[in-house]
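In structure tokens, the next block holds one chain alone, the form predicted alone.
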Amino acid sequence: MESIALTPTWKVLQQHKLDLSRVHLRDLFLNDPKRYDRFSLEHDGFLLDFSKNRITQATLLLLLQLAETAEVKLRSFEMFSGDKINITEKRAVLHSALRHVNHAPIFLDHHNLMLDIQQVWQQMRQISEKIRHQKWLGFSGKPINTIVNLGIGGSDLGPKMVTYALEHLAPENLHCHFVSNVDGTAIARTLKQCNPETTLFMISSKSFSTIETLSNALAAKAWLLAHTDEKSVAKHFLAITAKSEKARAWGIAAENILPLWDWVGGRYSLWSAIGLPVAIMCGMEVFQELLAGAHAMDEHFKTTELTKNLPVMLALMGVWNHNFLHMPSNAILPYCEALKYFPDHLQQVDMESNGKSVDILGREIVDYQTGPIIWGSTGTNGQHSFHQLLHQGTAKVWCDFILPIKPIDDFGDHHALLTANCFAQSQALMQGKSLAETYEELLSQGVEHDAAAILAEHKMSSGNKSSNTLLFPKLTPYYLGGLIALYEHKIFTQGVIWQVNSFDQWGVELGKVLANQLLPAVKGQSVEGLDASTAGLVKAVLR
């Protein structure tokens, strides 16, 4: 397999970047009144404006050629077909099957996966309706009204993000908490808000051996047993896992165990029974609508040509900014309070998927940048925090602005103000304000010449900063599902271009192994064999 960086297209893009080095975004807009029409796409209510990237038509054609060289379409066909594209773990990557709401058969190793998936949907419906209709009773006969999800990584970030985003669809008499951190403060503060008579704990762990999750589960179990006996555990715990025998041995009733499969990666498991908190809080119909939105985006990604493909275009803008304009980080900026946890979710999905330094065959250390740093926060909070760095700092960042056109809650001019701020930020990043413009503005305000010359240096903004803007009608379950799937496919496309395996995470595994090895030392046993720094830190803690 030839390195993508050695292909003719990559080399032409490197030269093309030099040709554009002195071109300002402001001039690109001035010279092309139809630039927005040329560099924006619409599909199924989504609108992606990528015109505020430092590209020309020639850039776009070269990037599309790069996607063809990397065989993005072929690789996506292999993924949807159930080929074992996760080659290090010899697994298929079929999270898209979990949202295949048209029920058509999907075969893996001659077995129709949809039979298993539909059975889980039925189990999720039964559990969620039992709780929502106050028929799931705790040990004292009171109905369950509080859910505590015990998971970490994909078993926490995805369902937490969606449950928070769709909180407005949940009844007031149901409450949901998420505990992931192994720091005892996390579980302790959550339990203070719970009544043991009416709380149901969900242990979400594919392996049922995740140390953080099981530590929190044991703490929850001890808390419950302080108020009742061992026989009551079955009424207050359920598990979502691929290891049902471990869950049963832990004490969970067989009927309260929902399955996972090895062809579902943790960071893509929201669409599985891991999404049960969404079904409980908002109803199974809402969860199915979430799946439908994601499935629609799957079909768009799978069937639409590259030139009109939303995930592909978003991916190509990222490749251009990251690999050729040398921007190491991508800020995710949802102008929607309900999407508060969306940057956190994407941070895991993107950085765990494409944070790799060896090619997919394991033969070569790549000599180009792969996954970018993903971070962000909701607008307008970020404007009074880190946006200063975006506008005038030295760090190179490209931004994704995300905005629903209609609000969930309509209070006077709130949403108009939010929208204006969103558009103003991308506009300011694009056009900036030159030193001459700033100087003249200060003079018009009555500032003296010498003072204006000095102050203008501080107030000017260079602009020419890249960004994408993504609009959709409203944060409904359907559009939320589509939004998440759009970014999943964008990440997949970039992984294909960078020639990495986007579906393993061996770097995460190393930390887990070392933590288990260190645990005896931290508890006071021998520190022999540790490096000097780690041994010194352990001794300091023990003192």
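Since this is a predicted model, take the numbers as computed values, not measurements. Just count from 1 along the sequence shown to find any residue number.
The protein also exists as the form predicted in complex with a small molecule; that form is not presented, and the subsequent description refers to it.
Exactly one listed residue, out of 293, 318, 334, 154, brings a non-hydrogen atom to within 4.5 Å of the small molecule in the model of the complex: 154. Only one of the listed residues (59, 499, 53, 505) places a non-hydrogen atom within 4.5 angstroms of the small molecule in the model of the complex, and that residue is 505. The stretch from 167-175, 205-213, 281-289, 68-76 that comes within 4.5 Å of the small molecule in the model of the complex, counting heavy atoms only, is 205-213. The closest heavy atom approach of residue 465 to the small molecule in the model of the complex falls outside 4.5 Å. In the model of the complex, the small molecule lies farther than 4.5 Å from every heavy atom of residue 26. In the model of the complex, no heavy atom of residue 277 sits within 4.5 Å of the small molecule.
Residue 99 falls outside the set of residues with a heavy atom inside 4.5 Å of the small molecule in the model of the complex. By the 4.5 Å heavy atom rule, the three marked residues 350, 490 and 494 all fail to count as contacting the small molecule in the model of the complex.
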